[in-house]
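Shown below, as structure tokens, is a lone chain in the form predicted on its own; questions about how it binds or moves come after it.
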């Protein structure tokens, strides 16, 4: 008689500090889901992609955890659910987290030449998910192009142990002695809100522009800025050009995520970021684009100091260390997180996020065209990433109107930048 198989041991992990807000505030209008995609030069082979996913999951065990609701906090719980790659059939950034459900927090799609990873933000931020996608693409390329590569098949090492990838870097790097009260308080003034006619069925419009990194870098330098500062200024300017004249009393404010890994030497594949707000008051300030770039550049320098980063981390941890908040039931915490989220939204017009450079083995460059990233949005948002000399700017929006996107891309085009525009609608 065969011995009965032992049940798999259930593991659980706390959500990191940044993750706690997402389950409480996600809904069908703002799913808190983002998409990372790789576009290849040949059609995707589903069977090979499934094999690549199986291999990738060995290095990222957190991707097989599900989100559970406790009495005091949400938490991750290991599961025996095994993900299957799917032919893409839903609109970008459709809901993943279902309250009360027991499902994985990511999915892998394929469609023609595109491989897409969609993830619920509580699982990881964009940078952590990029490492997952890079690993997936590595295994896929090795399987599909084994014969062509021959002896040139490269080795791949993520560069971090499983425990490092699963670490909560907020707790690891938090210094209790640092007082978040010293952090410069952000203005409570309401920001300009972008309005528009909503697309049917909570669909998300994605407009992407692919261009040369080198060409954009050259243009940015003409204004004395790096690419992120330049594009932040351009998004502010594009929103202003679309702004009704009777609304210009309010500043336009962008939320800009800050990847904390480089500041604290972290290799976590979970969330590890903070944000800063970059605003511009067009009623009392210059409307010249070069002046907008100058102010944005100054704001970046002020915010991205070591002292400010430490203070921002301390501010993130302040709520978690609050004795009253710790003992409050999750239902109460949810209410306050929703209220806080709405209050914070009033101070923000849009957001811009640079996921950074995506890297693969040199031997794979002939098989991969580009990478892109987009995120669910209640108002037009801009995300971007680069691969080699190809940078993809992705606007996501729930609105029918596309005037801001048009102003943005027309500005670049008039400056001599060649752009390939694509849209899902």
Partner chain sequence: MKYCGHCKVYIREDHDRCVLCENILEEFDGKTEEVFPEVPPFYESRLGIKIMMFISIVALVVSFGFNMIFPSEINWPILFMFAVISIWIGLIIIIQKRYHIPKKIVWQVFIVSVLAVFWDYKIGWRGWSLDYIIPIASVSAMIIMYVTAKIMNLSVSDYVTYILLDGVFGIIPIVFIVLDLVKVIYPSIISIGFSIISLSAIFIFRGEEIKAEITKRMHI
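Numbering follows the first chain given and starts at 1. Everything numeric in this text was worked out from a predicted model, so none of it was measured.
The next section is about a form of this same protein that is not shown, the form predicted in complex with the partner chain.
Contact check for 10, 72 and 77: all three have a heavy atom within 4.5 Å of the partner chain in the predicted bound form. Taking 390, 64, 51, 378 one by one, only a single residue has any non-hydrogen atom within 4.5 Å of the partner chain in the predicted bound form, and it is 390. Just one of 326, 247, 342, 301 comes within 4.5 Å of the partner chain in the predicted bound form, counting any heavy atom, and that one is 326. Taking the partner from the other structure, the partner chain in the predicted bound form has a heavy atom within 4.5 Å of a heavy atom of residue 98. In the predicted bound form, at least one heavy atom of residue 39 sits within 4.5 Å of the partner chain. At a distance threshold of 4.5 angstroms between non-hydrogen atoms, residue 240 is out of contact with the partner chain in the predicted bound form.
At the 4.5 Å threshold, heavy atoms of residue 17 stay clear of the partner chain in the predicted bound form, well away from it. Residue heavy atoms within 4.5 Å of the partner chain in the predicted bound form occur in exactly one stretch of 307 to 315, 142 to 150, 284 to 292, 100 to 108, and that stretch is 100 to 108. In sequence order, 402, 405, 406, 409, 410, 413, 418, 419 are the residues of 391 to 419 having a heavy atom within 4.5 Å of the partner chain in the predicted bound form; the partner itself is omitted from this view.
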